[in-house]
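One chain comes next, on its own, written as structure tokens: the form predicted on its own.
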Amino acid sequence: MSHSRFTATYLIETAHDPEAAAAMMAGEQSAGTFVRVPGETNELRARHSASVESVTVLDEVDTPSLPGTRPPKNVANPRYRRARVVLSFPAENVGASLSALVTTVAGNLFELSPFSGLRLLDLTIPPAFIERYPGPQFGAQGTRALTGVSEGALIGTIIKPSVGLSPQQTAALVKVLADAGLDFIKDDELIANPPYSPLAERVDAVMHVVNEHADRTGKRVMVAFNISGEIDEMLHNHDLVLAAGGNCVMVNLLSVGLSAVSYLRRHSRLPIHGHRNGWGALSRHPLLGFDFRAYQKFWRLAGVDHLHVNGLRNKFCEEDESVIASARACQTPLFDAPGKAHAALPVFSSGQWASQAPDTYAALGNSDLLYLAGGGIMGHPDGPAAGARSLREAWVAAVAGIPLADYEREHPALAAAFRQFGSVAG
């Protein structure tokens, strides 16, 4: 494919001819509409039209997956065929605009009535974006440098209860977690700057604890403060965290939007921890919305350093294979250009404790990740320090290829974790 064009891959379901349906998609998202219009010259169409690169029919079903679809007229018993469609678009249609890119590959397509299913699976990024969007500023290596963790999984947790703690109560909990030896602590996505815990007061109280801990132990815990809000608020709150000696900010990605995150990235001197809350609304139906392999590329372009990908055997509806595919996607370079990988650090969370470490490492093939556990640390019978230690022990065993059933015999914290949370598998 020429550098003058880029591609997007879709999964579709339609009762119409799949080739014709794909052509409709190409027209809708480029130079065409339902009827030829004045000014739509052959020259314009040749230069700006999307093209159907391939249509691969997969299977068919008796009933539509989504409501609102309109089958062909005079067809009494329509069959709905599913296909993988690859479209290519002229790069000059979008230039180097992230919002235009999203609109082009994921605009009105989802509402077209001939489709009973349509999902964006993946896309290639036009080279024009290399310079316009520098991508993550820190990523895995920058995060390791700030936390002092040169190898292995970074172990962290989320402040719980999610809401309701005062700044002083939050700081007291952070002290417990820092003393437990964690590398990373984050605000929950539900708290930003509420009246009962103003961000300025929370930052002041928490960073007093973090700075004191660093002075005493030499280890500076990374704390991701949730600065989500209006753009001017986020810039102000970023500066607040930076001035207090903080080393990370967090944003609720879908709540603040791509343009806001991109603007923050250009201003930021700290890693941006991206939480994807609300993601299920865009992804839960397999025939609608986005695959995370495609969607995470937008956020990496915008400059997010850490991206949540769920975790194995999580409490949500996502399958393990999807979680690993998401994590691999975050680590896969967007561009071939040297120094322009735009890689992000995948964040595993949701129901994680020691038991998932070997499977996570085996499936991903590396430990460049954040591994967040709430109950797996705080719920350990011997306390948070033992909970954190059990996770580290599990990851050491995973990387060394030692079965946890063997490793726990000489590691009491790991053994206690399995007594508390479940039996050793394999």
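One-based numbering along the sequence shown. Owing to the predicted nature of the structure, the values given are computational and were not obtained by experimental measurement.
Just so it is clear, the following notes concern the form predicted in complex with another copy of the chain, a form of the same protein that is not shown.
A.B. asks: Within 4.5 Å of another copy of the chain in the predicted bound form, counting heavy atoms only, one of 140 to 148, 329 to 337, 160 to 168, 205 to 213 shows up; tell me which.
C.D. replies: One stretch meets the cut-off, namely 160 to 168.
A.B. asks: With another copy of the chain left out of view, which of Gly95, Gly351, Pro198, Pro127 would have a heavy atom within 4.5 Å of it in the predicted bound form?
C.D. replies: Contact check passes for Gly95.
A.B. asks: Check each of Val174, Val86, Cys248, Val256 and return the one that places a heavy atom within 4.5 angstroms of another copy of the chain in the predicted bound form.
C.D. replies: That would be Val256.
A.B. asks: Spell it out for me: taking another copy of the chain in the predicted bound form, does every residue among Leu112, Pro194 and Glu233 have a heavy atom no farther than 4.5 Å from it?
C.D. replies: So, yes: the whole triplet contacts another copy of the chain.
A.B. asks: Using heavy atoms and a 4.5 Å limit, would one call His273 a contact residue for another copy of the chain in the predicted bound form?
C.D. replies: Judged by the heavy-atom cut-off of 4.5 Å, His273 is well away from another copy of the chain in the predicted bound form.
A.B. asks: Please check if Asp291 has a heavy atom lying within 4.5 Å of any heavy atom of another copy of the chain in the predicted bound form.
C.D. replies: It does not: once another copy of the chain is placed as it appears in the predicted bound form, Asp291 has no heavy atom within 4.5 Å of it.
A.B. asks: Test of understanding: in the predicted bound form, would Leu66 fall inside 4.5 Å of another copy of the chain by heavy atoms?
C.D. replies: Flag for Leu66 set to yes.
A.B. asks: Answer yes if any heavy atom of Asp359 is within 4.5 Å of a heavy atom of another copy of the chain in the predicted bound form; otherwise answer no.
C.D. replies: Judged by the heavy-atom cut-off of 4.5 Å, Asp359 is well away from another copy of the chain in the predicted bound form.
A.B. asks: Which residues within 100 to 131 place at least one heavy atom within 4.5 Å of another copy of the chain in the predicted bound form?
C.D. replies: Counting only heavy atoms within 4.5 Å of another copy of the chain in the predicted bound form, the contacting residues of 100 to 131 are Val102, Thr103, Thr104, Ala106, Gly107, Asn108, Phe110, Glu111, Leu112, Ser113, Phe115, Ser116.
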